[in-house]
Each structure stands twice: as structure tokens, then as C-alpha cells.
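Just one chain follows, in the form predicted on its own, and it is written as C-alpha cells.
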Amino acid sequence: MSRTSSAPSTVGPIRLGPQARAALRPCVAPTVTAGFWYDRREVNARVGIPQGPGLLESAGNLHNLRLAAGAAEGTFRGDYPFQDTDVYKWLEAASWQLAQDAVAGRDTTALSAEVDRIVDLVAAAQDADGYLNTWFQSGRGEGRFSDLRWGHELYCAGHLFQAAVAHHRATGRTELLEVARRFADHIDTVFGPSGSGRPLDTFDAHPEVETALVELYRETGERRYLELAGYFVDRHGRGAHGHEVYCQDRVPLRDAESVEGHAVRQLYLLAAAADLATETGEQALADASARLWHAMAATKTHITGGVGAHHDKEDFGDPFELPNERAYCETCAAIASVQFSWRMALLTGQARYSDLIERTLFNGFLAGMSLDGHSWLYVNPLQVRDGYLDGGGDQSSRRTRWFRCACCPPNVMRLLAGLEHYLASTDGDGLQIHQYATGRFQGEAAGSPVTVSVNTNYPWDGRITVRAEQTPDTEWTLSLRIPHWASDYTLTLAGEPVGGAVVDDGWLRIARTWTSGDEIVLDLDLAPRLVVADPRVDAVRGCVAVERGPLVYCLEQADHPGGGLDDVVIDTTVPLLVKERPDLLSGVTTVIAAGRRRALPETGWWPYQAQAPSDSPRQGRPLELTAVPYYAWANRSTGSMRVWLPTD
């Protein structure tokens, strides 16, 4: 195969088509150079991604590719027909990392060699007609596309397409893109509406191929891929899978009123709907996407940004059904939420989508990877009870080295590796900063490039300094997102308040003729706060949660010796205090609260009793509560944890 390559692309996971109807476009050549997200991404780059090939080898994923290529003996290894996706997600992550390392001047020899080796394995495993799925190629199942409810062939294909796009953008090489195109072309000969002459009029019950086909269209210009994506989105809800909600088949997407069923499947489908609305301008899809996002955010999202209330079928659940210890909040669902929200932010320009991205990134997503990068959480509950019995496996509330269904770890790797592309955008009239991280971001104003640098210690400190580095001699607008949690902020230029700044739907817009070297300073108030839930969230009625800036906090048993956490009560009358702990959990800011251990009744044979008089005195031993960021939980001992704290 040809190893010809070009300079790494400045384009990330989304490159809008030339006719896209979007309010915003991802900014050009973003870089993160220091601070919180730089540190977390360094763990991913130096620990997470490099360990991938070894884990994929030991789990059997790479063996399966060799088996399909006729280069290995034995049988398929693994329990699931979608083992290939873990390889593809790793390839996507490694590709984005190669691009970053090349820009930074780092040695890419070792990672490039691993990527080349695995790309060769993938290409060798592909059948002559373009088909590629090692489960079915190795003789498992009843044959190609015979089990679209569980077989996940198109789901796997979607992750292959995204990996191929990333590989092409990052390296300029075409060998994996050619594999993807051959498979996409094959799929296009198999699936189509009745009367098209194609044998199958149906869809894969696990969405993913739809949004991937849109990106493959954007990369190649081949409109058949966009049309095929639209066909698959249209098939949902028309009964091909018995109108089953788990398969996203109960109702056509354009008619749906709320998110439902398997959370990851729903959100991958909605990401595709937003992509299609962007590329085709279809208002019905745009309206449905906005309506369903609102229903999710307003009624089915946990305080951490996590989604998925049920372990059973990894399901959204009913409105305001948001349990704590049985919260599923799969890491992949948090990633899918970020992907969907980012597409909606670009489509509409509205800040609320990036508000949810921020909450999800810092909490529901980031908790999925350990601080050292060696272990993972598949599910992210909001409480682990005293005496928790760990059954192990993918649904454990303890960190795990790898999973039988290992969808989450390489998914975390790929989002972290491409994260800089989710931070800023441009609209032709200026630059919008969606997420605050130290780095450099470039947009466009009146046909000229504008470049700013950002310096911040966010989320530990609320000061964000934005410096104009490259600017035309005309007015353009810098837009800074004011997070929905921010009750107060100041904006200064050269130490003086900035006049004329306008707050517009969550955006603080500063329109002026900038001079290179101008520095705007935004100070967000990071005072810790107590938060209550909508009263319809029965699971947390009478409780509060602790937040500071974008971070949700939790209690861990490790910080409260002498007992568990089930008997802990917070005293909301005592102000919260902030304490910096560079020695704790790779360096965090903790929040200190007053509380007590309530007096518990003696354990008898029956756990219920008559209600005590409402004026009975509060009892219990005073206790100082130390709250740590939720993303850092489960990195020490295996004790209990809780986010929502009873007030009595």
C-alpha cells in the first residue's frame, strides 16, 4: 500500500460541507497548550492511546481481523459481534493524536507504526466486494445482514468510516479511506427503499452509520453517502424492527416528542439528524433535533450531564426518572451527548448546547477514565451505598482495566484526542469561545483571519484572559459564553470595564476594532453553591448537591473515616468553604461543608416506623464534609460515594 502522506489537517471530527446551513463552523487549527484539559489529554496521549493495541490484542480484536484475512487459525474471540468497533475507535483516537503530535513537533514514529500495522490488518480483512465484519466473516451468525437487531454490522461500519476520515485528515493518506469507501459502496448496493432494486429495505438497530456517512460525504464529496444516511434515518420508526423502542423504531424521528430507549442509540441517531439538517437545510429535522434535545436536557439528564436511567436495556427512562445508585449514565452516552450537542451548537449558534457540553465533559464524561489512564468506568452512578456488593463486569461501580463490551475506553480516547475541535467556532463575523482552555484559536472576520490566545486555570480559577494575536483593521466580534450557572462576572480591557458588550442568549459579545495585543479578561464567580433538583425528581427530594463552576462534587468515604456515607446529612445553614489540595487526586480544589452523622435507629427485623413529630430535635454527631470533584471519584479506595446529600 502507498504510504504517501501530507501535512496534518487542521480539520477535526466535523468538517461542514460548502453548502451547509449552519450558524457556526468549527474554528481552524485549534490547539490546547496548558491547563486542565491539556493535562487530561496528556494522560490520554501518553497512557491511554499507547496501551490500546496491547489491550485489543489480548481481548482478541486484532486476532479476529487476522482470522478474517486468512492470516490466523482458530475461532472468533470475544462475546459480541461488534468487536471490530473497538479497533476503529482506537484508530480514530490515534489518528487525531498523530496530527497533534506532528503539529507539536513530537516524535510520532512509534504511534505511526502501530497505526500502519492495524490499518494493514483492517485492509487485509476486507472481502473483495467491500464487506467487512469479522464476526460474520468468521462464520458466526447466519450470514451477512441477517441480524440487524443484534449484529451491528452498520454500527461497526460507521466507526470504520469515522476512523478513515480521521486518518485521512490527520495523515493525508488514503488507504483506510479506500477501505471505508469500498464498504460504503457495498452497503449502498444492498440497502434502499422498496422498488429500488436493492435487496434490503431496513436499518441497523444500533445507529452510528448515519452520522458517519454524512462525514464520509463531507470528506469525499460523494453525495450518495449523504443520501444513504438520509435513507437510514428515515427508516427508523417505520416498523422494520417491530416498532421496538430499544431499536429506535417506535416512532419516526420527525414525529418524536422525547428521547427514549437505548440512550447511546438515540443520541447517535440524533447526531445524524442534526448533521442531515445542517447539510440539507431540512427544517423538520432541525426542529425535531432541537425538540428532542430540549426534552433530554430538561427532563432526562442527571446533574453530571450523564444520561440513561436504566441498567435494563441502557434506557433513558421516564421524564424526571433520575435515580442515584442505579443511574446508568454510560460513558458512551455522555460522549454521544457531547457529539449531538456540538452539532446543535453549530447548527443554531445557541449557547445552551455548549452549556450542556461543558457540564457533560467535566463530569459525566471525564469520570469514565481514571486519573492515571489505566482503568475505566462503563457506568457512572451518582451514589455507591455503604456495603455495596460489586458483581464485576461491565456494569460495575468500580474501575475496571478493560471490559467484555469495551465500547467506552476507546470512545473516551477518541473524544479526548479530538477535544480541541469542540472548543471554539467562527461565523465569518468573528470568533466564539465555547469552552475555556489555555490555547490558540483561529476564525474569520470579513474574509480575514482572526486569531486569539486564551490563558486560564479554569475550572479551578474563573479568570479567562483572551488576547488578540492576529486581527484585521475592521470591526469583528469576539463572543464568550457565559455559563448558565454563572451568577456574576466582570469583563475588563486594560483593567477598565468594557463598554458596549452585549449578552445575547448566553453569549457575551464584544464587537470592536481590535489591535494586536488587546487583552480581554473575563472573571467568572466560582463561589461554591448548593443546588436542588426539580421537585419531580423523586430520587433526590430533600437533598442538595455541591457545585463549583462547571464541576459537580461528591463525597467519598475515603475522606470521612469512622463510618460510611449513608448516615451523612449536610447542614445548609453553614457557608461552604474552598480548600486547594494539590496533594489530592492529581491536584484538586475541594469544597468543605458542615454536616453530621444522624442517629440511626437500632437494626430490627422491620426497617419502618411511625413518623417522629416534626419539631423533634436534630440529632447526630457533627462532621466536617469534604467534597471532591465527581470526575475524580473511584481513584482511591473502594468505599461509598454520593453526589446528592440529604438535608435532614
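All values derive from a computational prediction rather than experimental measurement. Sequential numbering from 1, following the sequence displayed.
From this point on, the text means the form predicted in complex with a further copy of the same chain, which you will not see here.
Peer 1: Determine which one of 158-166, 354-362, 213-221, 115-123 lies within 4.5 Å of a further copy of the same chain in the model of the complex, judging by heavy atom distances; exactly one does.
Peer 2: Partner-contacting stretch among the options: 354-362.
Peer 1: At 4.5 Å between heavy atoms, is Ser453 in contact with a further copy of the same chain in the model of the complex?
Peer 2: Close contact is absent here: in the model of the complex, Ser453 is far from a further copy of the same chain, nothing within 4.5 Å, heavy atoms only.
Peer 1: Residue-level question: is Thr438 within 4.5 Å of a further copy of the same chain in the model of the complex, judged on heavy atoms?
Peer 2: Contact check for Thr438: no, nothing within 4.5 Å of a further copy of the same chain in the model of the complex.
Peer 1: I'd like to know if Glu325 sits close to a further copy of the same chain in the model of the complex, meaning any non-hydrogen atom pair within 4.5 angstroms.
Peer 2: Yes, Glu325 is a contact residue.
Peer 1: My question is simply whether Gln609 lines the interface with a further copy of the same chain in the model of the complex - judged by any non-hydrogen atom within 4.5 Å.
Peer 2: Contact with a further copy of the same chain, yes.
Peer 1: Candidate spot Gln383, Pro535 and Trp644, all three in 4.5 Å heavy atom range of a further copy of the same chain in the model of the complex?
Peer 2: Yes, each of Gln383, Pro535 and Trp644 comes within 4.5 Å of a further copy of the same chain in the model of the complex.
Peer 1: a further copy of the same chain isn't shown here, but in the model of the complex which of Glu227, Asp566, Asp234, Asp523 has a heavy atom within 4.5 Å of it?
Peer 2: Of the listed residues, the single hit is Asp566.
Peer 1: Have a look at Tyr388, Tyr489, Trp460, Trp402 for me and say which one sits with a heavy atom within 4.5 Å of a further copy of the same chain in the model of the complex.
Peer 2: Comparing distances to a further copy of the same chain in the model of the complex, the residue within 4.5 Å is Tyr388.
Peer 1: Check each residue of 246-275 against a further copy of the same chain in the model of the complex and list those with a heavy atom within 4.5 Å, in sequence order.
Peer 2: Sequence-ordered list: Arg250, Glu260.
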